[in-house]
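We begin with a single chain expressed as structure tokens, specifically the form predicted alone.
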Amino acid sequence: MRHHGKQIVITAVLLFAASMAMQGQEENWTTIRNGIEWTDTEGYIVQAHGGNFLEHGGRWYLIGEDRSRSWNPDVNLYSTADFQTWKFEGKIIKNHVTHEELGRSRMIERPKLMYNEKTGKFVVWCHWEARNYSASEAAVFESDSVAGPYECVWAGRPCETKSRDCNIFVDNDGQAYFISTTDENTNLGLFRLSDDYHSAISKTLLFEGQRREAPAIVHIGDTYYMISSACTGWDPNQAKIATSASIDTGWSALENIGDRIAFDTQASSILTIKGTEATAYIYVGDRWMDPDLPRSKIIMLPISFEDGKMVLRYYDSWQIDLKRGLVRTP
């Protein structure tokens, strides 16, 4: 009887441990809700439009435009450990302060943040524009710290090319690229960056004459994926995807992804979350003018793959385990 009782005790302990482990796993799930306003720890609306995420030091950093005054946006930085609680880190690029022309003859759109492993510097590339969009330039800012202060290290047309709506991409080997709509919104320009990420050293034209913007690239396995939109201002349109085995050549024809208005969004970035069990890929888009520019929403959607193709579906809410890299959808 004593032996039998010992078995019961051991079984109970194992069941309790399994229950606690399952409970711990349940506590790791974060619910992402779309179509709502995000607020920071001080209760203010998160203003980080047209930006991207960077993981550093165990936290995720979100950079983006502060559209609280609609035009001439400052650039804000937020941080989070769970995609629920957002800490305002500050205005890392500020009108009239970071650059004398910023907020006067120049404004910033689509700021994108990178960390350069070789230099240990944080680098921001962005669209550097005049109010009438006649400048068609880019600008580069750099800092020793993710939260700044940042200094302008260069501004102008990359490879002497008119450049507007933009993004960045850092490949698995650390090689960085700036990609933007060029030549009066006619083509996409893929610009290879110098080792310090300060300048564009070469240019490749992609999707010539197809008038694409809001490009977002991710490298998965042996394939590069690029999501982009047509040029329709603040109005959403059908997002399209292309793939290639090489970043600068051999891109496939554009195919539709998502619904006819990209779920009322425009691509901002593709977020990669590497977990202990899997890697999750997240589409991040701006829902512009919802209901106005300052209150535009950030939409996050899980990317899946079916029959070798990238698939994007809309969910009002879904869950992610950031530690394990797992996704649950309704």
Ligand code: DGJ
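The first residue of the sequence shown is number 1, and the count goes up from there. Only a predicted model underlies this, so the values are computations on that prediction, with no experimental measurement involved.
Omitted from view is the form predicted in complex with the named molecule, to which the following refers.
Taken together, the three residues D40, D66 and F88 all stay farther than 4.5 Å from the named molecule in the predicted bound form, as judged by their closest heavy atom.
Contact with the named molecule in the predicted bound form, defined as a heavy atom within 4.5 Å, holds for exactly one of Y115, F83, Y133, W251, namely Y133. Among the residues E109, D196, E101, E137, the one placing a heavy atom within 4.5 Å of the named molecule in the predicted bound form is E109. Only one segment in the set 169-177, 196-204, 228-236, 143-151 has any non-hydrogen atom within 4.5 angstroms of the named molecule in the predicted bound form, and it is 228-236. The named molecule in the predicted bound form is not approached by S269, whose heavy atoms all lie more than 4.5 angstroms from it. In the predicted bound form, D74 stays away from the named molecule, with no heavy atom inside 4.5 Å. Although the named molecule is not shown here, in the predicted bound form the stretch 156-178 places heavy atoms of just one residue, D165, within 4.5 Å of it.
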